[in-house]
Every structure is written in structure tokens, then in C-alpha cells.
Ligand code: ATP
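Just the one chain here, laid out as C-alpha cells, in the form predicted on its own.
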Amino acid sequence: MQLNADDSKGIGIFGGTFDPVHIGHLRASVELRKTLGLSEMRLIPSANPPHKAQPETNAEHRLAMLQLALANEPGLVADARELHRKGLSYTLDTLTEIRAEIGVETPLCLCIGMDSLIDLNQWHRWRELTDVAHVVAAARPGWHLPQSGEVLEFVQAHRASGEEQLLAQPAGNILIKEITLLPVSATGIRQALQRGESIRYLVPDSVIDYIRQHQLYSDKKDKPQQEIQ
């Protein structure tokens, strides 16, 4: 079942370092918002991710690139709250803040990758996530859950059969949704820039212009400016 995004007040949350934001992030956000019937998808740059290395690029640049990428996409919004919060960027803290802002009745969907769902028990107070939001795991065809363990038990206890269940209540469900996941990574983009290779069509042109203007990810002395394209 595919729902009309304009008929719902549901809010989606899509987090990441966005270092830099790329078409994989954007396509997944657009597709999830439409498929889940959400009125808004908030992309939230992480300041201090607890499970990843610290971002190479400072918060100001990552937020600016994200804002440029979302400028012409209705329904996708850059949310900078984690960049203004001290300490580690715990997802539960972010969800709790947003829940307090939108009220107790609005559906709230935390959108993550299948790899994150499998490792969910490594997250801070992970069992409490479904107390404040739904969890939506974006998966490629052929995905699979762990054969046993506490994550499997948690998913089975909260498993939703379809998108309509997410809009029927504010929180509490876990949905695994197959979508188009493009094989693009921020790490690969940074490495390409460091080698002086083109990243055109992997990130929006406005982001390419910003990277070039601010000389991000590559040493201008070693990489001619025209190669960053």
C-alpha cells in the first residue's frame, strides 16, 4: 500500500554525518517519505556519532551542504539540533526532543539502514526507541535478520505488516521496507575527491560547487580545482 504524503502528519527522521550528503541519502529520503506517507522527512546531521569515527568535515560545512541539497525538494528538511547539542549524538535524545515538540499523537518514524537494525542492541538505550517512535529499516532485496538473539526477538515483538500501521499510532512498530538503495558512499566520494576524480552525478551540483569553493576533502595544492567536478 502506498500512501499520499500530503494526507498524513507523520514525521520521518533520517540521520547521518552527511560528510558529504549524496544521492543515496537523497533518493532514500524521497522514497521513504512517499512510501510511508509522511508529510515531512527531517535529515539530521550528527555532531558526535557514538558508533562511527568523528566526521572529517566540521558541522558548519556539513549542514550547509545538506541545506543546499534539500533546497528544491519539498518535504525534506535539514534539522541541525544535534549540531547544537553537547556530548554524544544519541538518537534517543533526538527522538525525545522531537516527540516533545510534535505532541504525543503524531506518528514519528526513525528511518535507518538494515545494517543499523541488525546492530540495534549496540545503540544507547535501544529498547526505548519504540517508546517514542516507529523504526523503519530500509533494506535491499535479499535482506535477512539475525537467526537468533535479542535484536531478532525485539523485531518480532514489534514487527509491523505494512506502512498503514505506522500512521495508525504514534510509535511502537518496526517495519522493514525494501527501497531503492543506491551503491554510493560518502567515504567513496571523499576518496575520489582526494584522488582528484570527478564526483558529478553522485552529489547535487550545488554541493559540488560548495566543496570546490571551500576546498573540502582535497588539497588544492595537489589537486587542480577543475578536477573537483
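Throughout, we count residues from 1 along the sequence that is shown. By rigid core we mean the largest C-alpha set that fits within 1.5 Å across both forms. Values in this document were obtained by computation on a predicted structure and should not be read as measured data.
There is also a form predicted in complex with this ligand; it is not shown, and the following applies to it.
Taking the partner from the other structure, this ligand in the predicted complex has no heavy atom within 4.5 Å of any heavy atom of residue 130. Within 4.5 Å of any heavy atom of this ligand in the predicted complex lies no heavy atom of residue 217.
Residue 112 belongs to the set of residues with a heavy atom inside 4.5 Å of this ligand in the predicted complex.
Taking the partner from the other structure, this ligand in the predicted complex has no heavy atom within 4.5 Å of any heavy atom of residue 177. The candidate stretches are 157 to 165, 66 to 74, 198 to 206, 179 to 187, and the one lying within 4.5 Å of this ligand in the predicted complex by heavy atoms is 179 to 187. Of the residues 144, 125, 140, 84, just one reaches this ligand in the predicted complex with a heavy atom at 4.5 Å or closer; this is 140. The partner is not shown here, but in the predicted complex the stretch 10 to 26 reaches within 4.5 angstroms of this ligand through a heavy atom at 14, 15, 16, 17, 18, 22, 24, 25. In a rigid-core overlay of the protein, residue 90 has its C-alpha displaced by under 2 Å between the shown form and the other one. The Cα position of residue 140 differs by 2 Å or more between the shown form and the other one after fitting on the rigid core. Here's the thing about residue 141 and residue 168: their CA atoms end up at least 3 Å farther apart in the predicted complex than they are in this form. Relative to the shown form, the CA atoms of residue 187 and residue 140 are brought 3 Å or more closer together in the predicted complex.
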